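Before any questions on how it binds or moves, here is one chain, the form predicted alone, in structure tokens.
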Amino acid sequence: MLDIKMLREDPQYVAEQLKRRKFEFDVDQFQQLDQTRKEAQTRTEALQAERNAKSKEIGQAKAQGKDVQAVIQQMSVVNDKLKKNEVLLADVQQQLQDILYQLPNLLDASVPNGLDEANNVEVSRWGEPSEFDFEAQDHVALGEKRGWMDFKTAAKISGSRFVVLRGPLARMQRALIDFMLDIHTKEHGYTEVYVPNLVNSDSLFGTGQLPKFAEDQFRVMGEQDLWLIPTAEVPVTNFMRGEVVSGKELPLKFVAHTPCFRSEAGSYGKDTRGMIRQHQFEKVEMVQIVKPEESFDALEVIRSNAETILQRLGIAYRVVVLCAGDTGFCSAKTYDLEVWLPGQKKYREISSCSNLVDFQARRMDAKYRDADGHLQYVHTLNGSGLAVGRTLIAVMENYQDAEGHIHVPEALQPYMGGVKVL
């Protein structure tokens, strides 16, 4: 959520910045509503003061044995006016809040301009894309050949965009999770956390999925207000909701493995083959809570932490910074890691690392007390470290041989009981 004070002081600046995202902020509408709010608030405060004065006058008159009927009638008129103004004020404030909740974050100055993913800018590459002296198969062909990857059974029990993994592939997915968690906790300084996979609406609002992206979520039917998490970012970042921590406690660094659930609204026809785009998938997620002056350095750290996983697995990838039109609603700046998939002969996203600055913190009212005792909003960051299903795909396609066997990366072999080939 943007700072309402900034909107009031310089709405034209906000409007110009949001144009980079092709988002139109109606300055006139906002200013008119805010002026109405100001006037309603002034009238309400004046009527409250008048009501209090009348109440005091009635009390004094009664104590003196005077007739108070005339003053009571006057107070009744004041109360009627006050109620109407309070209703008007609440309505205008709600309209302002609704506008505020729909405004995306301001982009960092380093984010390149552009309309969509075609305008994202590559910043680095690591490794050479795999080349084979045979026609590379994609993960579907490799996995279905031995019945280790079963979309037919998944469709029977759940529907499209689900998968059943069996035998060696199920084991490799588990191995990848342990491998990622060990590196992030033992080498990168993250604290592992186990979190609920169901969250309430306040949590989704705090991290920006609600109200704007409700259709992208899975809501649980029943009496309780619960939703399936789209990513561990939601429960983990919400550790800070409504909290004040000492600046000495920052940074806070957490890592969690969870299943993730997404409706994939608007993705009809995209990536319908295989495991690239699923309603349910596994992910290891990194979250950092930091001081404002440290957040962009922390973004580089999270990006490096995610890159380490791919480097240890020996899989080629590239890093792109997302352009203005492709950057997510809450993010001020995002890097995507894109892994080489020889079965598709292209790079595909495997991790997003984002700095949300104080956008989520304002929604969650998450603060820290600085060295001078002042309260400030924290900055929040998150990054996939990594999306497990897509990492499984990358291993399968990059470590295949001509017979369709899948070789296990050396770094992963200890997690597979020493198995070298599937």
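All residue numbers are counted from 1 along the displayed sequence. Worth saying up front: this structure is predicted, and the values here are computed from it rather than measured.
Only in words, not in the display: the form predicted in complex with the RNA, which the text now covers.
For the chain shown alone, residue 52 is a contact residue for the RNA in the model of the complex, at least one non-hydrogen atom being within 4.5 angstroms. For residue 106, no non-hydrogen atom is located within 4.5 Å of the RNA in the model of the complex, even though that partner is not displayed. Contact between residue 66 and the RNA in the model of the complex is not found at the 4.5 Å heavy atom cutoff. At a distance threshold of 4.5 angstroms between non-hydrogen atoms, residue 70 is out of contact with the RNA in the model of the complex.
Of the listed positions (130, 79, 280, 197), a single one reaches within 4.5 angstroms of the RNA by any non-hydrogen atom in the model of the complex, namely 79. The stretch in contact with the RNA in the model of the complex, judged by heavy atoms within 4.5 Å, is 361 to 369, chosen from 361 to 369, 379 to 387, 393 to 401, 22 to 30. Residues of 58 to 75 placing a heavy atom within 4.5 Å of the RNA in the model of the complex, in sequence order: 58, 59, 62, 72, 75.
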